[in-house]
Every structure is written in structure tokens, then in C-alpha cells.
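We've got the same protein chain twice here, in two forms, each standing alone as C-alpha cells: structure 1 and structure 2.
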Structure 1
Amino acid sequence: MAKNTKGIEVAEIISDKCIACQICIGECPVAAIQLTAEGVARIDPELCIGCGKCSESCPVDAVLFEKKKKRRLRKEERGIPPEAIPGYEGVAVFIEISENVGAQVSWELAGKARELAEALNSKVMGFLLGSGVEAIAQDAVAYGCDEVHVIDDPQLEHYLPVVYGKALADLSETLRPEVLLIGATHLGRDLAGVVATHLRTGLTADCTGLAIEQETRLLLMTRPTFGGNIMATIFCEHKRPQMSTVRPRVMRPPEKDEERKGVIRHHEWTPPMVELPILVELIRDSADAEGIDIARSPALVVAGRGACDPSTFHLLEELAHLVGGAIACSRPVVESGFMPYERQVGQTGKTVAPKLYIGVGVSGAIQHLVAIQGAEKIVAINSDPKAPIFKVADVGIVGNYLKVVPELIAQLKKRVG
């Protein structure tokens, strides 16, 4: 295969086979493919990264590309120590506080931490920072923490990066967890970078999957990359703790068990000797101008590129009303100016986990699918039977939404009288 000046083996278009369907153009994560004046797709070799997505998507095999099988490196080749790094034990979860209660993402991570701890034959620890947080510490036990380590101090009543960063780093240095998980909220994303810097360890942000490699005890952290077109699995070989932030509503929380027993330990703490800023006002931005937070809605009707038409907005609005939910959208709809960013579902928008998700004209790009994997039931309406969203849908309806949605509304009205 041909190589570009960077030494990357690149794909080539067989012009005689190309039918100018432009599917490869849409699949290319780096915009390396264009349609020429002759109506044939052409790949810019200097932009091509050799991912092979164009070859996989071409319906007529007009792309010349041989994807090499990756050989899994042996432990010795990867430079991994023959045994786990000594002195570290347990899976720790940072318990974030939201509106004076434990944030939902913290309980989601507590459930995942239990799975990881069982794979490591270890324990689950909750790290809790705040002021007057005894009730939240009890909740952490009820959601699966074996131990809850608390720093209760008036200076921790409100989040400040300098104060929280030092407190969480101090707990981590004292208790030395093997894994540290933090929710990828606005607060968590800010805090995780501060703590990773303090601890001089690695950090993988916005993960959508976590697993343990048994023989090495490595945390395998999976996240979207290349704008969500590729899923990468990352691990931290030589530093501990292995840190990850995880987006809300990606993991399912465990059932709360009020009878569960655990240990709650309070730690003495020395605040940083720096002049701290004064919190004047706390502005919450989870909801949009209409006061709707799609991340908390029990049902969503999501408009995609195929339903990006202001004249039919009333149909989606009526459907959302009938199912007791809200209207949301995919990224192309926001970019068109049809709906505000606060309503966007996706990797660059919000991760959602409604009881019911209805996608109307949503094709199902990977960055969108990652953000809806927590939904209990997914209904997809699309005129393209090959749309990726049908692969994850519980119910798929192939057809023009202008015919399907009115019929769906009529049937729902019959049901509710």
C-alpha cells in the first residue's frame, strides 16, 4: 500500500469502481476525502491517518486499503511490571455533592467500583469532602462503599480547586488507592486535573467503559477519540492511582441498601496556606432558558439531521408532551441554529439516561450513541434502514417521520383517551 510523507499507509480510491455515493466522505474522521469535479472521491494522502473507515463503509469496494491486524504485545514487551505496583490497594470513588446530597454520578461510579474491586479482590472506598456531610457518608455506604473517608471542614462547604485539590490529593496519598474514579461533571473535570498533577499520575478523561485486565491489574479505560469516530482503550502502566473521569449516566447505579454496613472514618486535614477567593454567587447552568434539563427528563424526543425542520417542530413537541418528556436534538440540529446547545445530546453535549428515548431522523453517530447508552428503551425512526442507530434500538421504525410521527401521536392519543 502507498504511504504518505509521515510513513502512514494510506487508502486509495479505485476511480473505475467509485459511484460517488459520498458515504466515505461522511465516515472519514479527519475530512481527508473530497469529491472531484469528475464525480469521483479522492483521498488526500497527507491528511489520511490510515484508520480504514472509508474502506469499511464503501458499498462497492472502491477503496483500496488493507487493515493490518494488531498483535497484542506481551507483558514483557509492554514494560509492565510482572506484579502489581506494591503499596496500593482498593478502588476509590470521589463522592461529589450536588445541592446538599450525593451527586447521582457518584453512586453510578460506586456501582462500577464494586465490579472493579471484585475483579481486583479488593475494597471500595468513598472519598468525601465537605462540611456537615455525615448523612451523605451514610448514603455512600448504602450505595456500596466498604469504607468512607471523610474530611469535614468549613472551608470545604463550597468547591474551590485549590482547597478540594489538596484535600483529595492528601486522602489519596494517605490511603493509596489502586484506582481513583471521579465523575466527569464540571466540578469533577476541573478537580481531576488538579489531583492528577498533585499525585504525578496519569488521567484518562470522559471514559465510557472501565474494565480490569486480570493478569496485570491494569484499569482499561475506554473513551471516544477523533471526534467520537474511534473508541480508544487507555491504561496507565507505571503510576498509581490509575485515574479516570466518567461521564454521568453512562454507568447504572446500584440499588440503595439502607441495611448495608460499612466503616466511616474522619481525617484531620491542614488547609492550604494560601489566600482563598470569596464565593460571591453560585450560578447553576444545567437547565436551558425554559428551565428544562434534558439530562433529568424521564423521556426524550430527539430530533436529528433528518428532522431538522422548524415547520414540523410542533409534531415533535406534541409527541414529547404525550410521553411526558422533553425535546432534545443531535449536534447537526444545534449547528443549524434550530435548537440551543443546552438541548444537545452527544459527546460534546449531554449524556442522557431517560426511561424512553425516541430518535427522529437521528442517524446514530458513535458520539451520539455513547451518550444514550444509559437509556432504558430506545425507539428509532429513520428513513435509512442502514442507519447505525438501529443497531442499538429496542424498536426500529423505517420510514418518513412525517408519516410515522403523526400515526404514533394518533395511537398514543387513543391509549390515553
Structure 2
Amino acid sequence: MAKNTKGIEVAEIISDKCIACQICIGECPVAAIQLTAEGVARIDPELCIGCGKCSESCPVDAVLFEKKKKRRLRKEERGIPPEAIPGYEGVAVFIEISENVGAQVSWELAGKARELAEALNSKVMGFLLGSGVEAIAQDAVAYGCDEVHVIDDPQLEHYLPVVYGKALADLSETLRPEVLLIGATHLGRDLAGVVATHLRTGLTADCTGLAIEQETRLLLMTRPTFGGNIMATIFCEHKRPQMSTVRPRVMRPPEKDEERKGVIRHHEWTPPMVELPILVELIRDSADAEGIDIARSPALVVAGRGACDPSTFHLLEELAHLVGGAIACSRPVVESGFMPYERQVGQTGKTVAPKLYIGVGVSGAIQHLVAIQGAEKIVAINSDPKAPIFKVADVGIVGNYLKVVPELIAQLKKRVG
């Protein structure tokens, strides 16, 4: 270990491990750590007093520091109350409503919540907000909620963050779940930040993995960050509920069981006393007018930049039709104006989980791949044998799509009519 001119053994940061979370900067008692222009923390050896707090607080072991006796940070030093927070129980799921029925993601979460509740030896609660939602409450039971807590009020007919935010925070304060899960949909991500702020608790965004750590009973929440290049596992030790939004179509939905029994309870509430926004108009996407939602299509033929040519569109259309699916695309194809945004697959587009995904001239960038993890079979057609999409494909054809697609259509017709 390096010594400074005062002879103190100082800590050093391993720059390629540092994730610039800045935790050490806040921990250092002598302000010896700064973020460099390259975005890594650096310790000034002359200022460092060798206390090792940076090393203890670093989540990714990026600090080179050895100490004879390793001292754990006391909880008070981390600004955390020493005793655990009692009185929180159960895994709650916010039941989102889409087109007058429970949104698919809510049932996916109910399934996941069941798993988590079993690990915690606890119950699954559905939190349902809306107007005239009795049938959805029944569905929530059928999808595995032990209890459904409902606020049924005409004021909740349309979603407004300020109204729903208060309603969900109120329910959560009354029922005190240990975990609260919300689908990472447009609505869910708009809402979750409001609720977590009301409850002053932690919120992990857009998770793709959830698990209970047995020893601590903590929820470990895994999510893509840095544009999908890096997965981070996050936890929330000292505030309840542990909240997370969860990406749709990642968790497997449970079987619906109409025979299941559960408790449905209605709750009173007081709406927020503020002037509310007024919805002037709702405009449906034109793609929706065609009745196509790529997130729901059982098969997708996905056009990439390598197949971004309107004159060959009929080929892809024929293939899509033949496999009983729809056409989607990568981001460059949307940017070129060839297809509408609603058809974009990817981190900034839609997450899809078709039974069959056929990528045509799609290279397989990480921002695209994060959104097709739920696909059952992936077929790739690409002229470059090194294209990353082949790494995730179940089967691939190296070649020019102009030749491959017609042949594929011909042979498919013979096999499946």
C-alpha cells in the first residue's frame, strides 16, 4: 500500500472499478476525494488520513486499502436509525388498469409477489384504485392476491399523478406493506416517484430481477443502468416499504385461478385539496388505430437499419403475415421516418415478448436486446457473421435478407401452410 509524505498508509481508487457513485466522497471526513473529469473518484494522498471509510463504504470494492482491524461503519454514521423498522408486513402490488381491465404487468407482478411472499412467509396484497373496479378486484384474487385493498371513487376514474399518488401513499401508510411493486409502465413510472416521495422511502427503477436475501429478508432489486450496459443490484435497508418499479414482460404471469379465495376490502380516503389538471383530449396512436400493439403480438418481424428500405417492405410484410405476426423495428428505422415510434423495440421503445422474433438486418445493440429478453425464439438474419444478435439468437442465417427472406417465406409455406 502506498504511503504519503507524512508516512500515512493511504487509500487508492482502482479507477476501472469505480462507478462514480460518489459515496466515498460523502464519507471522507477530510474531503480528500474528488471526482475527476474522467468521471472516477480520486484520492489526494496528501490529504488522506488513512481512516479507511472510503474502502468500507464502497459498494464495488474499488478502493485499495488494507487495515489491520477492519472497522464496520456504525449504523448511526450512515445516518440510519439503529433499530429495525417494525410493523411492516406483506408484499403489495399496485394493480394498474388498462382499457378497463387489469394491466398484464400487474398480474406478472402478482406472480412475482407470490414468490417473494413465500420467501418472507407473508401475504400478497393488491392495491387497486379506480371507479367501478369490482371485477378487477376479483381478477386480482384469481391471479394470486390474498387481500385486495380498493379505493373505488369516481374521482379516480382518470389517472392524475397528484390524486393517485396520494391515494396509493394513503393505502400504503394504512396497510404498511414491507414491499410495494409497481409496473414500470408510463403510468407506473409517473406514479411511483410521487408515492415514494410522499412515503420518504427508497425506490428502485425499472427492475428486471427481484429476490429476497434470506439472511436479511431484504429485497434485492436488479436493474439495467448506463443505458443497459450495466446491471446494478440495489437494496433499501432502513426504509419501508421497499419500493420498485418492474419492467413489463419480464416476470412470468401466473395462471388465473377463478376458484381462489381472497379478501376484498374497500377503504375511505380524502382527495388532495388542490386545483387539479383537466384532461382536454386523448389522442390514440395511429398504429393503435390499426389495432396493432407490438408488445402483444405473438410474432414479430423486426426491421433493422440493414432492412430499412420501403421498396422491400412487402417482403417483411409477407413474412410477418405468414408467421401470424406484425412488423416492428429498431430505432434507426424510426429515426429515418420509415416507421412510427410505436413500432420501435428497445430501451427507449417497447419491451416485447413474442413467441417468435425474427430480426432482419438488426445488429443487436444492447439497447435493443434488453427489450427482447422475453422472446421465446429468436431468429436472426444478418449479413455480418459477427453481429451481436447472433449471440442471443436461437438460430441465425448469415446472408443478405433480400435473398434469405424470400427463400424463408417459400420454405415456411411448405412447412406450415
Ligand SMILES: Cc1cc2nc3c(=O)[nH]c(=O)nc-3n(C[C@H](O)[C@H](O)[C@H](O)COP(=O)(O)OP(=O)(O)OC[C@H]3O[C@@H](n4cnc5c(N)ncnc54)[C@H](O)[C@@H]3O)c2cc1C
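Remember, predicted model here, so these are calculated numbers, not experimental data. Residue positions are counted from 1 along structure 1's sequence. For the two forms, the rigid core is made up of the largest set of C-alpha atoms that agree within 1.5 Å on superposition.
Here the chain appears twice, and structure 2 is the form predicted together with the named molecule.
With a cut-off of 2 Å and the rigid core superposed, P310 has a Cα displacement that reaches or exceeds the cut-off between the two structures. Once the rigid core is overlaid between the two structures, G346 counts among the residues whose Cα shifts by 2 Å or more. Core-superposed comparison between the two structures: the C-alpha position of V105 differs by less than 2 Å. Relative to the superposed core, K386 has its Cα moved 6.8 Å between the two structures.
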